[in-house]
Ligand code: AMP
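Below sits a lone chain in structure tokens, taken as the form predicted alone.
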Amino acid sequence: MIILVVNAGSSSLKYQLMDSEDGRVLAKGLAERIGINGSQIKYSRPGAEQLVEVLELPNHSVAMQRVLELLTSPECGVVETMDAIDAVGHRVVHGGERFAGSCLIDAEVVAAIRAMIPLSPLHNPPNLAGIQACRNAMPGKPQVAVFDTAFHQTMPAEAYMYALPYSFYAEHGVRRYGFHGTSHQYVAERAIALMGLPLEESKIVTCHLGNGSSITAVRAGRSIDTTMGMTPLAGVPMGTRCGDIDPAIIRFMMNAKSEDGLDIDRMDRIMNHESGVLGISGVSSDFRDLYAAADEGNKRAQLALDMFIYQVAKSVGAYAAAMNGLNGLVFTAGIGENTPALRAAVCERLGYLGIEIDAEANARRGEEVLISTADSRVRVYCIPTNEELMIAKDTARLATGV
């Protein structure tokens, strides 16, 4: 089936048109600065130069309509008409406890996604805008919501509950939800297939390491714990997010800087956008910049790297304990796939688990490869994530009812 995969942000709309059976990408691109001056659409297809159009995009509906015009254009299109597009799959960040899997979108599902906005105020509204844009442009086409949180709904209560008054959970849904679920599920399934183990024997930790990072324990193909929490702010330090901190720091710093107007909104921005490796290093949130600065003797850049590596390794160790063993470790996403030095540094801290890395294999970037030695007691992989393919497959399955 030909599936249009849509990932709508507050001022952007990423898209891929792909064949769900073989994963072939027919076209992809990005509409950016929607509702902002200087908006544009990037459009790429195999064997052709990227097309960049600068045009006014006042809202997601206008952007989606132009994307469909490009996909069906006689000059640069890849399908003759919109009828060739069988269904649309949407990445939706937060499904709360309501959604433990992907689902066909109807009025009830839209209302449920809207009800989750307090849990994900930055992500669910643009996700809804993308859904509405596609419904306006392609009425009658099956539309499917694929939730970032769904894979983690198999976590047991001892993993997802916080030690707060139970009423916080019962009345307001305060619990660990986890994110990057589509990515964790994809690479875990690939690792299980590559390892050739019976599903019930698999104990894998998946490390989705990018500007946003999360680690997940996957036992028998099911998520049993993950580092992100009620929001994507929790867990390991990230590009600009602080990760886990003592919550009393918030009140302490607001009192210390009350004369400077440090209120809760400003504190929230600091923790989400000015912290992480950027806040520690003062250099960048990009790990390539951090490694370059560290090589030149920048001690704060080196500290940021050391902190990140330490927390990732600590999380892997904790999850090996949670699963009472470990037979697979996976690195994925931008940093995980393309930073051999970081993979090696994390694995060096995990030698007690019997992990041994093949330096030559680990030197490869951005490709599916076994990077552990034949003697390693844990098989370690670099597996490029493919969230779009997971979304396309789920969409095809639900659209056909198979």
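The shown structure was predicted, so the numbers you read here are calculated from the model rather than taken from an experiment. Each residue number is its position in the shown sequence, starting from 1.
FYI, the form predicted in complex with the named molecule isn't displayed, but the following is about it.
> Look at the stretches 58-66, 23-31, 330-338, 44-52 and give the one with heavy atoms within 4.5 Å of the named molecule in the model of the complex.
Single hit among the candidates: 330-338.
> Is Asn211 near the named molecule? Define near as a heavy atom within 4.5 Å, in the model of the complex.
Yes - in the model of the complex, heavy atoms of Asn211 and the named molecule come within 4.5 Å of each other.
> Within a 4.5 Å heavy atom cut-off, is Asp286 in contact with the named molecule in the model of the complex?
Contact with the named molecule, yes.
> Would you check, heavy atoms only and a 4.5 Å threshold, whether Arg365 touches the named molecule in the model of the complex?
Arg365 belongs to the contact set for the named molecule.
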